[in-house]
Each structure stands twice: as C-alpha cells, then as structure tokens.
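Form predicted on its own, single chain, as structure tokens, below.
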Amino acid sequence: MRREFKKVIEKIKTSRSFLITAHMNLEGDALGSELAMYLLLKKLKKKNVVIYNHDPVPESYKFLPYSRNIKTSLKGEKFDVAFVLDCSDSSRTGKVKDYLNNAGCIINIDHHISNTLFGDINWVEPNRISTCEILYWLCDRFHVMDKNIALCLYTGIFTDSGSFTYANTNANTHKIISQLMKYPIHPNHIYENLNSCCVLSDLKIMSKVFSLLELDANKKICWAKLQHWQEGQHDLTETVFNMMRLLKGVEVFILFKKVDKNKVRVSFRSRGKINVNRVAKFFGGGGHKNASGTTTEDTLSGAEKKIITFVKRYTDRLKK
C-alpha cells in the first residue's frame, strides 16, 4: 500500500478543502478515524475541513474531542477531497453519498475485507484491525500526534479490537497502542465512557434479549430473533454480543432485528474460526472476518431459517 500512502500524502499537501465522512450507525473506529483526520488536517493549517455524517454522534462517544463539530446537514458545498473512512461501500454513507460525487477526489481509507474499492484513491488494508490503526501511520508521517489525536485513535482501536480480545489483535496493534500511551489519554476514562453508560431500562432490554437466545444442536451457533428492537440510551448491540461471548464453545453469534415489515437487520460475530464476512457477503452484506452484517428483505422467521442453515455448513465442518 506504499503507493496509495504516497498518493494520500500528496493529495493532502496540494488540496485546500476537505469533506470527511464514515458509515451510517457510527461507532468507535468510524468516529475515531474521522476526528483524528480532522485534527490532522487542522494541524496542517487546512482551513476548510468538514465532518459530515448521516447519523448524529452517539451519546457514549461525545467525550471524544471536537465531536461537537460533526455536522448532520450541509448546504451544497464542494470539496477538493472527500475522505470516506471505515466504510466498505459508498452507499453506506447514506445521505452523504450525494456530496461525494461533487468532490474532486474520493479517498477511501478502510480495513474491511469486503471493501468495494469505490474511491479514486483506495488505501485499504484488510489485515489491519481498525481504520484508526491505518491512520496512525498517516499522523506519524506528518508528525502531528498529540493528546487529542492519540485519544481518538486509541478509542477506535480499542472498540474495533473488542477491547483487544479479538483474534486479529496482534503485536503491531500493541506497538501502536504503546506509542499512543505516551500521551495522557487515560484508558480507564475511555473504558468508563464506553462501558458504564447503561441505565436500568437498558439492562431490562438486554434481559429480554437474553431470554430469547437459541442454540443449534451442536451448540456452535447462538442467536436471538428480535421482533421489536428497542434501542436504549446508547447502542446495546456490542454489549449484548459481549455477554453472548461468555457462552463456552459457541463459535458464531447472530442477532436478527426486525427493522421494517419485511426487512431484517442481521449482525454477526465470530470467535475467529468462522469467517462471518463470507456469510454476510452471501446475503448482500459484508464487514470483517469476525464482525459483519447485512440487511435482508424477509420475515424474521424466513431470515432465521436461511441464515442459520447457511452458517451450519461452516460450523458442522468444525466437528470433522
């Protein structure tokens, strides 16, 4: 990716106006990447830099520096460069996609194995655990690292690595973290902001989810069908998956959420032996090897039957 890295550096040096965006349903890596890029460009004295997203910042991420500067509306501006970060396909930017076509150059920086290479410049490294890990090298190259950038990058790596527990967490990840820890970013405060923000109603929602959990005959797949996904004070999806991962021996975890009359959002997580990106991709979605998702036109029961049957093709091989 050395050639793409050089192209990105050159575009930053020669451009004046920048749009920054990421995928819908924002989480730590998307927001951390956006804000780190925003701060990098500001430190390079770029005056016209805008972060514009389809969705507002979730409450649990409002501790990130300059998150209040993120916009959810924009009036017809044009930009020299549009950075699309942590996003496997331009359609996943939602309403922001209309602005991408007006940009002089689209720079796609991502780590999803399912990335469609939609940019004019595609800096995509599927072996990286997060987009923030990729952006670390850009910040290092421009010598702009400071406490705020380190905080954003740490948050993105922390969340996308499952608090450094996912199978693809490696020595390079920890080397970068060791560099970020040179700044007073207080990881305990980051953890508290992200993991200690539930209220009683959130726990009651999760208890309903856990009462619906099912296992296949071989106890390798655990899933729940949610007729009415009731969101809490913050996105409970990862919290639910973290609790499901306490189940011994289970390899794949799935949440089926009814989001419309005949539309189901399906989220997948894997311990590492099963590549759930392949599953999601077969059903029109994508993501990572260990974390992916898709939205399918079907009933809850229909989606469950098709997807569980498909996943069993992979988990049944584990017995052999």
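In this text, all values refer to a predicted model and were calculated from it rather than measured experimentally. Note that residue numbering begins at 1 and tracks the sequence as displayed.
The form predicted in complex with a further copy of the same chain exists for this protein as well; it is not shown, and the discussion that follows is about that form.
Asks: Does a further copy of the same chain get within 4.5 angstroms of any non-hydrogen atom of Thr93 in the predicted complex?
Replies: It does not: once a further copy of the same chain is placed as it appears in the predicted complex, Thr93 has no heavy atom within 4.5 Å of it.
Asks: My question is simply whether Gln227 lines the interface with a further copy of the same chain in the predicted complex - judged by any non-hydrogen atom within 4.5 Å.
Replies: Contact check for Gln227: no, nothing within 4.5 Å of a further copy of the same chain in the predicted complex.
Asks: Considering only heavy atoms, tell me if Lys175 and a further copy of the same chain come within 4.5 Å of each other in the predicted complex.
Replies: Contact check for Lys175: yes, within 4.5 Å of a further copy of the same chain in the predicted complex.
Asks: Do Ser207 and a further copy of the same chain share at least one heavy atom pair within 4.5 Å in the predicted complex?
Replies: Result yes; Ser207 sits at the interface with a further copy of the same chain in the predicted complex.
Asks: State the residue from Leu100, Val144, Leu74, Cys198 whose non-hydrogen atoms include one within 4.5 Å of a further copy of the same chain in the predicted complex.
Replies: Comparing distances to a further copy of the same chain in the predicted complex, the residue within 4.5 Å is Cys198.
Asks: Can you pick the one in Ile113, Cys105, Leu138, Leu213 that has a heavy atom within 4.5 Å of a further copy of the same chain in the predicted complex?
Replies: The residue in contact is Leu213.
Asks: Each of Phe158, Met181 and Arg245 having a non-hydrogen atom within 4.5 Å of a further copy of the same chain in the predicted complex: is that the case here?
Replies: The answer is yes; Phe158, Met181 and Arg245 each reach a further copy of the same chain.
Asks: Mind telling me which stretch in 74-82, 115-123, 144-152, 236-244 gets its heavy atoms within 4.5 Å of a further copy of the same chain in the predicted complex?
Replies: Within 4.5 Å of the partner lies stretch 236-244.
Asks: If we check a further copy of the same chain in the predicted complex, which of the residues in 141-170 reach within 4.5 angstroms of it by a non-hydrogen atom?
Replies: Heavy-atom contacts to a further copy of the same chain in the predicted complex: Tyr154, Phe158, Ser163, Phe164, Thr165, Tyr166, Ala167, Thr169, Asn170.
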